[in-house]
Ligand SMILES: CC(C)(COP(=O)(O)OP(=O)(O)OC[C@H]1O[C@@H](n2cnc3c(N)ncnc32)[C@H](O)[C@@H]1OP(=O)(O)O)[C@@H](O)C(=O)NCCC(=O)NCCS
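Taking the form predicted alone, here's one chain by itself in structure tokens.
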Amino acid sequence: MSDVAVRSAEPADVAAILRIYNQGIEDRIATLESDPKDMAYMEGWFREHQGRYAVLVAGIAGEIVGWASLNRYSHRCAYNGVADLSIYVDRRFRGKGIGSQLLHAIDKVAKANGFYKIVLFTFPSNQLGQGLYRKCGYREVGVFEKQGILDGRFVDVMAMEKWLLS
């Protein structure tokens, strides 16, 4: 979609970020979280995502339709150059190029903020997401079997990574 504007998230965007995140929780395709989040949770999360742990939003005609964030991978200083990625797109706009635009933009932010690698974790069944990640340069690292429990069942989680330095 060519009319998508990607920019840094602002406090006024938190409600839209929350709405889209809760869709991801409800749809059971992108996170092991099982309970919807509230504004207090998301506002705290947003406060922790300032500086190099940035949040970007994608908007169409003023409506936020997706977001991506760089998250702390580990508190150990050896991993300061590695960011964990979160990306969520409003279910009405999935498969329309929003994710690609967010990923390209977050790569630039990550490089500018001193990250050399981005990692992400996805469900092996999330074929749409994996196609997007591969198209944007991510590679599969492996699968953690029975990594978490969702709705009373064990769930496998696939690790993927992208090296940002050429």
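Quick caveat: nothing in here was measured; it's all calculated off a predicted structure. Numbering starts at 1 and follows the sequence shown.
Form predicted in complex with the named molecule: not shown, discussed below.
Chemist: So in the model of the complex, is the named molecule close enough to F115 to count as touching (4.5 Å, heavy atoms)?
Modeler: Because no heavy atom of F115 falls inside 4.5 Å of the named molecule in the model of the complex, the answer is no.
Chemist: Does R47 make contact with the named molecule in the model of the complex, using a 4.5 Å heavy atom cut-off?
Modeler: No, R47 sits far enough from the named molecule in the model of the complex that none of its heavy atoms falls within 4.5 Å.
Chemist: Can any non-hydrogen atom of Y53 be found within 4.5 angstroms of the named molecule in the model of the complex?
Modeler: Because no heavy atom of Y53 falls inside 4.5 Å of the named molecule in the model of the complex, the answer is no.
Chemist: Using a 4.5 angstroms cut-off on non-hydrogen atoms, would P124 count as touching the named molecule in the model of the complex?
Modeler: Output for P124 is no: heavy atoms all beyond 4.5 Å of the named molecule.
Chemist: Looking at A30, M42, A105, I60 here, can you tell me which has any non-hydrogen atom within 4.5 angstroms of the named molecule in the model of the complex?
Modeler: In short, A30.
Chemist: The named molecule isn't shown here, but in the model of the complex, which of 107-115, 34-42, 137-145, 94-102 has heavy atoms within 4.5 Å of it?
Modeler: Looking at the other structure, the answer is 94-102.
Chemist: What are the residues of 123-157, in order along the chain, with a heavy atom within 4.5 Å of the named molecule in the model of the complex?
Modeler: Read in sequence order, the residues that approach the named molecule (within 4.5 Å, in the model of the complex) are N126, Q127, L128, G129, G131, L132, Y133, K135.
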